[in-house]
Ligand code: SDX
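Quick heads-up: it's one chain on its own, the form predicted on its own, in structure tokens.
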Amino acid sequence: MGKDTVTITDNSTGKTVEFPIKRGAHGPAVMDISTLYKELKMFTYDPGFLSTASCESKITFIDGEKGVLLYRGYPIEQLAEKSDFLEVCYLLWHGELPTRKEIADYRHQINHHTMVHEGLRDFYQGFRRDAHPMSVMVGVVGALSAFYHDLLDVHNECSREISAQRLVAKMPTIAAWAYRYSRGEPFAYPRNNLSYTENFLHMMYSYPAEEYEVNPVAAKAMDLIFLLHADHEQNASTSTVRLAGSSQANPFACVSAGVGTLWGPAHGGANEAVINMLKAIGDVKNIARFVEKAKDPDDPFRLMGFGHRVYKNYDPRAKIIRKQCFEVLESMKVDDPLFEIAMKLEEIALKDEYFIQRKLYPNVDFYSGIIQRAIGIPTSMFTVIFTIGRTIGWISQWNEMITEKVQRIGRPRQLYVGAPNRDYLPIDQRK
């Protein structure tokens, strides 16, 4: 192996080819195999893309071994303590933290894009009342392109930025209305005098018949949840948005594809699964039995909220949100038996050799569901909350992808293991 190359030899032909090595600001080096098929007539086989970098990106970095998460180079711990969600949105989109004027202008733009087209309000009537809110989100977000088709030129910088602002601004409105529709309650319109998170809670819980005062503790906790979920490298939903965008589909369609991917219980639906698991455990005295079930390879039961595809250390977001969880329950005087179960389960799992060896530490989903439950958000809305926070990450990743110098539509290859070439048989000759 040379200094900046990796040499691969095909033993069947004896041909040797050197592939360049790329090194980023952080993380492992990457072998550039873009010419592998051209040189050796081979593809790589990497199910789930465990060892494949699908793109170059300047947005988010994760070191799963050390438990590090950076947004544009800034540690998530610093942003969680000193920043807020909209400032992080600006950072992810623009690449730098804003000045006072820049953030003031950005907040103004977001606040004044929160209203949705009145025709979109009527669109909700086409859904069943008992539809899962995420199914509504997939449909309504995708429909945005039918109502905001004036600026869909993906090659125009101004059009991309306005579409991004529309998505970030309107997502809480769309989400809150999905909740209100499922309950048969009147839609609440956004108010420009409220902050981003306050506006969401106002649209979730206010009624025309009386004034609604947003609980500042709930608003702070919700803002933190949005911030912690804003982006997370090339996860399943982000990769979906990038892949859809590579076809030059409009940003609303791409984000809708991301919403659908996020809905999966192995991705954004994990925090909902955590609450269901805690309910199934039911009492702290049952924890030991469920822990043993989780260890049993013949038992399908798994402890939800433990372990992560990338983190092989304590999820840094879990450390941050754990503290917020205590503050919310104490400030809001919530006596939730599920929290007691969660704390005891965490204590046992962190001391159990089975979990330690497998590096199954609590992740962000373990605590976010308990906070939302304390605020009064129903379990069916948990993944919707995730969607609101992740929208800025999706659209920032999409924007980065669409502005790359070399544009190529995503086209993974495969290892075909089906039937070999065969001839068609007339039906009377088939056995």
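All residue numbers are counted from 1 along the displayed sequence. Worth saying up front: this structure is predicted, and the values here are computed from it rather than measured. Heads up, when I say rigid core I mean the largest set of C-alphas that superpose within 1.5 Å between the two forms.
One more form of this protein exists, namely the form predicted in complex with the named molecule; it is left out here, but the text below deals with it.
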Q) Between the options Arg121, Lys319, Arg309, Lys344, which residue brings a heavy atom to within 4.5 Å of the named molecule in the model of the complex? A) Arg309
(Q) Give me the residue from Ser246, Ser195, Thr114, Asn235 that has a heavy atom within 4.5 Å of the named molecule in the model of the complex. (A) Asn235
Q) Using 4.5 Å between non-hydrogen atoms, is Phe355 touching the named molecule in the model of the complex? A) yes
Q: Mark Phe386 yes when one of its heavy atoms lies within 4.5 Å of a heavy atom of the named molecule in the model of the complex, and no otherwise.
A: yes
Q. Might Pro251 be said to contact the named molecule in the model of the complex, defining contact as any heavy atom within 4.5 Å?
A. no
Q. Just to confirm, Gly305 within 4.5 Å of the named molecule in the model of the complex by heavy atoms?
A. yes
Q. Can you pick the stretch from 97 to 105, 129 to 137, 355 to 363, 176 to 184 whose heavy atoms fall within 4.5 Å of the named molecule in the model of the complex?
A. 355 to 363
Q: Output the sequence-ordered list of residues from 246 to 279 with at least one heavy atom within 4.5 Å of the named molecule in the model of the complex.
A: Pro265, Ala266, His267, Gly268, Ala270
(Q) If I superpose the two forms on their rigid core, does the C-alpha of Phe326 end up displaced by 2 Å or more between the shown form and the other one? (A) no
Q: Take the rigid core as the frame of reference and indicate whether the C-alpha of Glu161 shifts by 2 Å or more between the shown form and the other one.
A: no
Q) With both forms fit on the core, has Tyr74 moved 2 Å or more by CA between the shown form and the other one? A) no
